[in-house]
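Single chain ahead, written as C-alpha cells, the form predicted on its own.
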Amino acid sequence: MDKKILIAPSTDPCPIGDLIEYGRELLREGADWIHCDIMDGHFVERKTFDEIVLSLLSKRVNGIMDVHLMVEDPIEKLHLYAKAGANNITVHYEALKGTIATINAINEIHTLGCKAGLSIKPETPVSVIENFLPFVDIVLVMSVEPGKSGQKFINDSLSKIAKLNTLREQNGYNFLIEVDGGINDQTAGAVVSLGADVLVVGSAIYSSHNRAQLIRTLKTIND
C-alpha cells in the first residue's frame, strides 16, 4: 500500500520513572510519535501525569509528543501542555460543552502552534463531530473505554473508522485517523484497511519481547 502508517506507542502502561528511556528506545526502534496519555482522575478514574512530566519528557526525548488530554475542562489546560512541548493536542468531544467550546478548543490549539485533534469515546457516534472535521488535523477514535490499558478492541469501532474515511474522501478533508485501544498485530490489519493512519499501541508494544519487530510489523501490516 502507498500510504505511510504512523506508530504512536502510548506512555501507558510504562511507569513514569522509565518514560524517558522507554521513549528513546521506541524512537530508535522506528516509532513515529510518543502518545502521551494525560488522565486527571476526573474525566476518567485513573490519573497519570501532568504538564511537568511532559516537559521533562519532551526535553529529553527528541520526538513528536502526541498529547491526548483525558481531562475535564481541557481548554483551561491547553496552554500548559503546549508550553510543555506538545506537538499535537487532542481533546475529547465529551469533555467540551457544546459546539462553541469545541471550536474554541480547536482554534486555541492551532493558535498555540500545535496540531489539533478531536477524540470520541466508544459510545459517541461520528455524526456529532461531523461539523468539526474540516478544522481538525487528527480524529482519535477510542476503540476501548478511555482510562485503562490492556482492554480488548471494541469491534464497533471499525464502522466509525470507515465512516470517517468516507467523509474525508468525499469532502477532501485532510485529517489523520488515529485509533487507540486494543491495537496489536491481530487487530491492526482491519483498522488500517478501513482508513486508519495512526496506530496508538500500548500494552502490545510495552510487553513485547521484540519491540522493533512489532513496530515494523504494524507499519507494514497491509503491505
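Quantities reported herein were computed from a predicted structural model and do not represent experimental measurements. The first residue of the shown sequence is 1; numbering continues from there.
Another form exists, predicted together with D-xylitol-5-phosphate; not displayed. Remarks below refer to it.
Visitor: Partner absent here, but in the predicted complex, which of 51-59, 190-198, 24-32, 176-184 has residues with a heavy atom within 4.5 Å of D-xylitol-5-phosphate?
Guide: Result for this chain: 176-184.
Visitor: Which one of 115, 148, 121, 77 is close to D-xylitol-5-phosphate in the predicted complex, taking close to mean a heavy atom within 4.5 Å?
Guide: Partner contact (heavy atom, 4.5 Å) among the options: 148.
Visitor: Just to be sure I understand the contacts: of 142, 109, 139, 91, which is the one whose heavy atoms reach within 4.5 angstroms of D-xylitol-5-phosphate in the predicted complex?
Guide: Residue within 4.5 Å of the partner: 142.
Visitor: So in the predicted complex, does residue 70 come within 4.5 Å of D-xylitol-5-phosphate, heavy atom to heavy atom?
Guide: Yes.
Visitor: Can you tell me whether residue 39 touches D-xylitol-5-phosphate? I mean in the predicted complex, with a 4.5 angstroms heavy atom cut-off.
Guide: Yes - in the predicted complex, heavy atoms of residue 39 and D-xylitol-5-phosphate come within 4.5 Å of each other.
Visitor: Is there a heavy atom of residue 208 no more than 4.5 Å from a heavy atom of D-xylitol-5-phosphate in the predicted complex?
Guide: No - in the predicted complex, heavy atoms of residue 208 and D-xylitol-5-phosphate never come within 4.5 Å of each other.
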